[in-house]
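Next up: the same protein chain in two forms, each one alone, written as structure tokens (structure 1, then structure 2).
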Structure 1
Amino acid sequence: MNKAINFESVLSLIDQAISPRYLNPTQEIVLREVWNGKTYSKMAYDYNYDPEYIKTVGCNLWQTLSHAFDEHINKSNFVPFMRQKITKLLEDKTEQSQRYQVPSLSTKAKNKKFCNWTTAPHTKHFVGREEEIGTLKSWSQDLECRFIVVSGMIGCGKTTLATKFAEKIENQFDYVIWFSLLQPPPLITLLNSYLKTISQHSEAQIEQKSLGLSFLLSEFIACLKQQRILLILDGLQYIFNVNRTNISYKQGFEEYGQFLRSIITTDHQSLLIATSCIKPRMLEYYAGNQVKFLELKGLKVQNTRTFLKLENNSSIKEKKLLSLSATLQSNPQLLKIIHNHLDGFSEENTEQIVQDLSLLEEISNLLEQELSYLSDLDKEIIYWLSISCFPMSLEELNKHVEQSRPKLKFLQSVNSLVKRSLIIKRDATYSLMLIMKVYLRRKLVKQAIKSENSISIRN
């Protein structure tokens, strides 16, 4: 074990050396466990990997690091080499910080509370979510918890919940900073924004001009240690790409991985809450005390009544709304849309109303956006469910999925889709959320017609 030097410092140095490339979760596992003295065979056993695969990952890593540091690096000399590098880095950093050190906040400054809500939504009409808020409150009081991710289907209320919860606990923090990643800036811009906000509302003056990412990140982490800061990042999905088999950082945003990892693994007194339509699986490595995942579903029945301003009577419209609510998994954004358009539908049949609702541009845009956040395996599963006339068992569903897919990946994908409320599990069978099923069937028909017309034109 190498406790004298924090392994996160090693990862930070490697991140900088190999930029713009970045470490994937498996590479990080190999490096961490080599640092802890484990053999490849022990790593493979502990993480359920094939031993030869781990050896290949390791071999490629040493080649990458050797090229990045212009030194021959292998499994045997990795630890002493990095220890020497980090020691030199710490010496240089000490010298640099003497020139640009962030002054500690005075008692007067610490007693001030500053909130920067920017474009956070209003929560005046917020209803329900008592259980979820209780869970978030419990996690926020855990001294080891650094990062909470609220994930779920588009429109399920992630942003509103995170904002409402932040408002409830803002008095426990010196700073509350809400930031949207709708158009994510380079990490160095985000850090400058954070440091500028903090320095403007304290007696600390932070020199930011011409400072590199590494130093800015170091100064920001120092702020998280000196003050209790609540950060809310809305829309974490905008820095991710959903590839065929995994989730990765978009090109140009790989440095966010270093940012998140630093917040998660460094000892400080602050908290980051992020919302995301994607559950970033590369962060599941830290799941437990440091990172918590809340997968948000729709509203409860009574909260749905309040949300839709229903009056607990037996009117036809109210019954229709509640029936549709169940069909739509009580998704707040979908409920708002149907509430605004329901008077235009005279049909009594719920399925027919859903057929008509799926044609609305607001809903089709929402469903198409939801599809963009799904992996190829996720899409394959829901497309099979969309063309099935009956709910399917896991065994039946798995037969339709490509045989090259590992069973474990298939089960993880199904479980993820259930948690997102796209798939409904009843007893031992699975079916697709009705409005998504209707939308996908229509989409398949359009694609078939387009393909047929294309063939006709060529002939």
Structure 2
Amino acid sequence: MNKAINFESVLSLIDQAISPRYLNPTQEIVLREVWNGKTYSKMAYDYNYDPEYIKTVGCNLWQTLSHAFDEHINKSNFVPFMRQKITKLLEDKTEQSQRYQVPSLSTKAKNKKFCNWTTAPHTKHFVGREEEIGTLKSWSQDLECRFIVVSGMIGCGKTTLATKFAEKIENQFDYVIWFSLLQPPPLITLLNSYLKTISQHSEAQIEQKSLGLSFLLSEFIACLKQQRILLILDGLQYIFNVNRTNISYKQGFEEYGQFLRSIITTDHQSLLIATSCIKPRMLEYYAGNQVKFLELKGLKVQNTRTFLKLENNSSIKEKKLLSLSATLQSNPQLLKIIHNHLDGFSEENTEQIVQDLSLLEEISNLLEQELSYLSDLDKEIIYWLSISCFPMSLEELNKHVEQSRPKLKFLQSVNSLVKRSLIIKRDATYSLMLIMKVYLRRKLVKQAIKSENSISIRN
């Protein structure tokens, strides 16, 4: 499990192996992101590189590493190779220290905190979010608060905010452990990794290998009581399924429910912050102070200018970007994409540009992913809004939605879509985010033609 091993140790091992040569920044990005499970095309897109360039950097890297480690290393075996190599080194090290050290000696200096940021993104260019950070700060200072969930639309900045906030409060904790659930491990593996990290840096003698889940969980909760630990779990949505109207744990990840409940309900001095594209509504029923939900929206208008690195000279491109950012709800991920593509569009008309942007593969992938996090009822509502030429009132919208659905569920759904910034409420009427609207309209037309064609083939 690559996330249990600090990527910095991978880098330092590679640095030693390729010395006197060294990694350049792009090579480091490629390694970090391959470690993180990203494809070359996602990396190219995230870091504004040409995909072909990233591929070439990758190819050269694998050659260098194969030569340095005297083994055939490529993109597919890089992670398991490094994991094995480092695990072996760690085991050798532990064996040596057990052999040569007096057992009672502490490996962790008193009051020295230990941070394991694994694949957390850097936050060098962080902008805005003062209000949200203030809210998170006040929640984190409440000793009853044990779990904070930052949820919201895809790409709205959840991971960046959670990481920045964790960096700000790290000094208040003995341990900070950041973990991405992009490829979620079974809970038992996650707990083992947590306990291993904690035991490696403390006096606690934790013999976790042979323990079953319940024992591991209680060992882990005991650690949360003894030390002040800040856990960050990024991408909680990867363990959830959205059914017709409900959210549940994916098959094989049901035990995470027990894990989250234990963190919420037991008395300890630690804090878990999770990010999620899906709001885990099943946890809403716990006492208000124990679990807090921050439903994150896009950036504030005044921060988009800094985010997009706009000078104050109001060129046409800047004006276009600023008017577009409003239609994209200032979603930073969407803004990054349009910033890269805007030169290709000569039109002045914002709606026309949004139409063209919605055809981009990066945008349609992102919107499809967003759709996958919605319940059937959410989708029904946004499909109706997509085909309406005008904003709709709640009553109009409710008339369209399947009548068998309870009104309460309908209202909850509308409310959560507004909080997600997918639908916009203005003067008691509701409209759909423009880019989603044009995307869904096109999708509906395509599907209609497809089913028309399949009917005529059958006839």
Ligand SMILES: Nc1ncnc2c1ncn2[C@@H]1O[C@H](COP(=O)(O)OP(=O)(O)OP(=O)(O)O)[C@@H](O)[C@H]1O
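For residue numbers, the reference is structure 1: its sequence is counted from 1. Predicted, not measured: the structure shown is a model, and the values here were computed from it. What we label the rigid core is the largest C-alpha set whose atoms superpose within 1.5 Å from one form to the other.
So which is the form predicted alone here, 1 or 2?
Structure 1.
Could you check, with the core superposed, whether the Cα atom of Ser393 shifts 2 Å or more between the two structures?
No, shifts by less than 2 Å.
Determine whether the C-alpha of Tyr40 shifts by 2 Å or more between the two structures once the rigid core is superposed.
Tyr40 C-alpha, core-superposed: shift of 2 Å or more.
C-alpha of Leu61: shift of 2 angstroms or more between the two structures, rigid core aligned?
Comparing the forms between the two structures, which are aligned on their rigid core, Leu61 does shift its C-alpha by 2 Å or more.
So with the rigid core superposed, the C-alpha of Pro80 shifts by how many Å between the two structures?
Pro80 is displaced by 50.2 Å at its C-alpha.
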